[in-house]
Structures are given as structure tokens and as C-alpha cells.
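One chain comes next, on its own, written as C-alpha cells: the form predicted alone.
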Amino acid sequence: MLARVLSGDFPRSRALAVALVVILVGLALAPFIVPGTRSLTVAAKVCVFVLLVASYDLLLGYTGIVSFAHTMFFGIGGYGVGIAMARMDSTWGALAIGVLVSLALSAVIALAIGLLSLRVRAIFFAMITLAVAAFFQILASQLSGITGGEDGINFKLPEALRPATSFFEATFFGVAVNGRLVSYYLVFAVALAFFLVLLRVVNSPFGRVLLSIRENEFRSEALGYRTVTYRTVANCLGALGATVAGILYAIWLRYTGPDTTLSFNIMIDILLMVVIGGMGTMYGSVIGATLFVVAQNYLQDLMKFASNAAQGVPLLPNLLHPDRWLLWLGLLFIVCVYYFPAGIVGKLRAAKEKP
């Protein structure tokens, strides 16, 4: 049963398996383990970014496609839901329309980009996707009557997903059963389901062809595979995964805007998560996204504690000042790249294979 769920792709490392189980259990029980609003938001963001990074790893790690348009599809998902819910009634029907329209739009754009651009060399394709993503970001900022411009869109969700909605007067293990709890488990369940779908894709015959194209495109062509077709399909699947992640993020925040979904900084973060976790390993997206999002949200607090504890030691309190958290995050990334060139998952698997 477990082999079918994981599509036969086991962690192949005891340490990795333990880490994945801890993350899965932690996310599944997050409302009960860390019931605070901030902690629950971090857990929801981890779920969203695991899916987002996994969908990008399908392109970069498994197919060798370098795309800078991934945040565009992330934004399409967020704006699709946001515009539908803001312009229509806050009903499940409006939510369904927003989801379907955003998925259809992403599929069409990804198909067009794939068919028109994937024949060129990798660096030129990367530049094309960067230009398209920049155009979409400008468009979202300028069409303020539709997208809310730089301010973005605040919207209401169906009543069952609203934090103020309470289903029972009594609590369940000390946690109120309300719309916020339902929203979190919706995000968790959908992200987990789509991650398992992507895991199945990369472990299917289709996924093996993608790996073949990544390693040697000319040989794959010689074997009879239409590489442009396979890469285009992979581009569409990756785009749909990013769109679903954008939808989930918008549902959780009840807001969407340029800074939350379309910022190029998010694209950089995705690249860092892929590299830290390990390219070409779906489990790398789980490790990379979890470490990065947790560090991004709690490293500053940890440094504040360390800075206060180091009072009286020359230079150290200033060096550990919370305002310098980005410096230390950058150093942590350099250390990860230096000691784990194949990513954390690659390092753990390589250590397991040594005699």
C-alpha cells in the first residue's frame, strides 16, 4: 500500500525517512501542536511552498528546463480566485469558477510558451520566460480596476472557510473547530494530494523520458521521442502545480497581490529551496521548503534571543542582531551548497549507498 502511495519511490535513507515522517506528522497536527495564528500560517505556507517547489523541480530537476515564469502561474492561481471571489458572491460556485478559469488560463499560457519557445536553447528560453513573467507582473500592477493594482485584492471566502465560523461550541483537544481549521486542512490535503500526483508523474514511464531528455536530448530524439512534446507537457504540468499552490495560498490569506505571488524574490526563494533540498528529488522540495520557510520566519527571533544572551561579549551581540538575519540566512545557504552540492536529499542518499 505504501509503495503505491509513494509510487515506488522510497526515501532510500533512514535519516531522510525520519525527517519526512516528522514533517508530515508535524504539518498534519500543526493546529494542535502550534495553535497560534503565526505558527499555523507558517505551517500553511510550508504546505503551499512544498507543492510550488515540487512543481518547479519537475521542470528544473527532472526535465532540465530553466524557467523564470513559475511565479506567474503562482500569481494566476491567486488572482483567479481573488478576482472571482471579489467580483462575484462569496460562494462555492464562485470559488469553483475562479479555480477552473485560473487552471485553464495557466494551461493555455504554458502550452503556448512550450510550443513557441522550448525549441530554443535553454538560456534563451529562460530569458523568454523572464520577459513574460515581468510583463504579467506589470499588467497585474497596472490593471488596478481588475487586480487591485499594487494594493492587491482582499476577498471573502465561503462561510465554511471563514475564521469566524464556528461549527461546535466545544473545542476538540483544546482547538476550536472553526473555518480557519477547515481552511488549513483544505490547504494541507490538497497540497499533499498534488504532491503525490507529481511523485507519480516523475516515477512513471513519462518521468523516465523526462530524465532521459535532461541527460541527453539528442539521444532521446534519436530513440524516437518528441522531446519538444514531452517538455511542453512537463511545462504544462509544472504550471498547473504552481497554479494550485497559488490558489491555496490565496485561500489561506484571503488576499492576493503582486508581492505575495508575483514578486521575483519568490522565484529566487524557489530556486534556493530546490537547491537546498536537492534537484531531481521530489522529497527535496519537502526538505528545502520546510527548512527555508521555517528559517525565514523564525531565524530573526532566534537571533534576537542569541543577541540578548551574548550581551557583554565584544562584537557578538551586534553580529547576531536580528536585523542581520538575511546575512545569516545567506551564509546558511552557502554552507548548504558547499557541504551538500547535490542537496540534502542527495547527500543523505549518497551516504546510505556508501559501503
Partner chain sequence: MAAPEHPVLETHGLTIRFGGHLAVNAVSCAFRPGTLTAIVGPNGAGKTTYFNLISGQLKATSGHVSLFGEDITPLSTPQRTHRGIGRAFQLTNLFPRLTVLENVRLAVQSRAHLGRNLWSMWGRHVELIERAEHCLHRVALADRRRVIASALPHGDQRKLEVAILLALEPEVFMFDEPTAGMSVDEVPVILELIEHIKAQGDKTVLLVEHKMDVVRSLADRIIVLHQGELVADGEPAAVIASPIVQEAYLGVAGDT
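Numbering follows the first chain given and starts at 1. These numbers were taken from a predicted model, which means no experiment stands behind them.
Only in words, not in the display: the form predicted in complex with the partner chain, which the text now covers.
In the model of the complex, no heavy atom of N265 sits within 4.5 Å of the partner chain. Although the partner is absent here, F135 lies well away from the partner chain in the model of the complex, with no heavy atom inside 4.5 Å. The partner chain in the model of the complex comes within 4.5 Å of no heavy atom belonging to D89. In the model of the complex, the partner chain sits within 4.5 Å of a heavy atom belonging to V197. Out of the listed residues Y255, F172, Y185, Y225, Y225 is the one that sits within 4.5 Å of the partner chain in the model of the complex by at least one heavy atom. Of the residues L272, A94, L237, V190, just one reaches the partner chain in the model of the complex with a heavy atom at 4.5 Å or closer; this is L237. Of the candidate stretches 151-159, 216-224, 164-172, 138-146, only 216-224 has residues with heavy atoms within 4.5 Å of the partner chain in the model of the complex. Not one of F305, Q311 and L319 is positioned with any heavy atom within 4.5 Å of the partner chain in the model of the complex. Contacts between stretch 197-216 and the partner chain, counted in the model of the complex as any heavy atom lying within 4.5 Å, involve V197, R200, V201, N203, S204, P205, F206, R208, V209, L211, S212, R214, E215, N216, listed in sequence order.
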